[in-house]
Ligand code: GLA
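Here you get one chain, nothing else, as structure tokens; it is the form predicted alone.
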């Protein structure tokens, strides 16, 4: 994996190939993995993500002809995206250009004029794996525009601008976690985000004896449609049944008392969310104390609730967790769970750093035997958030 400065050098060279001169500005923003706190964000709960050492990187310079157009080229996509600043910015084609378009529109709405640019994008965040390649692209665009215009946004405002870009231009009603961690991540730290107040707290994860493994199952099941919206509606129904604004306002005892007021399915959805909020807060305490077995137990409990109560897992995710359990603490695995929206994508495992290679081989071989699919596995330390590398 290229370090950030190596990545910047690579992107600068690619920019030179594309545009015939070196770039004036280079910015980067990371993808993320959520350590614990799944499907809690839209219930006003807590999440505990970390930035990973995979980035979207953009290099840019003013166009030689001085036109008020932003030209976006990508090392990953054949089509060029353009944004004509002389007219209102609206969604268009190619689709990947809508993420930057939405961010540019957010800057223009604040009276910040980026002016014409020629841009080259490169990303090492695996696409379609649930590691937030879209948020990395949005936050990278915003960070580049900050460098170009000399206008520094408050990081929370920047994250919310990027979230709005995804809602309005990509049509994805995402929560706030992905953009927050990409904008506010800090090297060597997890980020505890309170999704109600939007307050953040950095949580050190600097013990060299542990690492996080991210296991991409390389499956994404097509859903019958509306699964995310359905879960959200069920949580809202549970909150109404319990007479509260959101499930954040309920503890386990109150849920049990109110069980008779709701359908069993709705009760189980609520049980996951209320338990997950509690597990996330507990995990923060255990991380601070470097109590890795306790963190691991909470991760396993999270997966069980996501599988059984929230029903967003799938056989491939379950297979990874079972393999991790079979390796056990003696083999170097403290805990493992699915991460992200579910029905495919990635698992995250907390492991002994000294055992990473052996665990990676074991999970890869056993997963291939069980599913016939080759997993993509990598380890990451908590990485730096968005940063300007040149300019």
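Numbering follows the first chain given and starts at 1. Please read these numbers as outputs of a predicted model, since none were measured by experiment.
The next section is about a form of this same protein that is not shown, the form predicted in complex with ligand GLA.
The candidate site formed by 53, 190 and 385 is entirely out of contact with ligand GLA in the predicted bound form, as no residue has a non-hydrogen atom within 4.5 angstroms of it. Proximity of residue 116 to ligand GLA in the predicted bound form falls outside the 4.5 Å heavy atom cutoff.
Among residues of the shown chain, residue 49 is not one whose heavy atoms approach ligand GLA to within 4.5 Å in the predicted bound form.
Ligand GLA in the predicted bound form is approached by residue 341, whose closest heavy atom lies within 4.5 angstroms of it. By the criterion of a heavy atom within 4.5 Å, residue 235 is excluded from the residues contacting ligand GLA in the predicted bound form.
This chain is displayed without ligand GLA, yet in the predicted bound form the stretch 40 to 48 from 22 to 30, 325 to 333, 40 to 48, 356 to 364 comes within 4.5 Å of it by heavy atoms.
Residues of 165 to 179 lying near ligand GLA in the predicted bound form, listed in sequence order, are 174, 175, 176, 177, 178, the criterion being any heavy atom within 4.5 Å.
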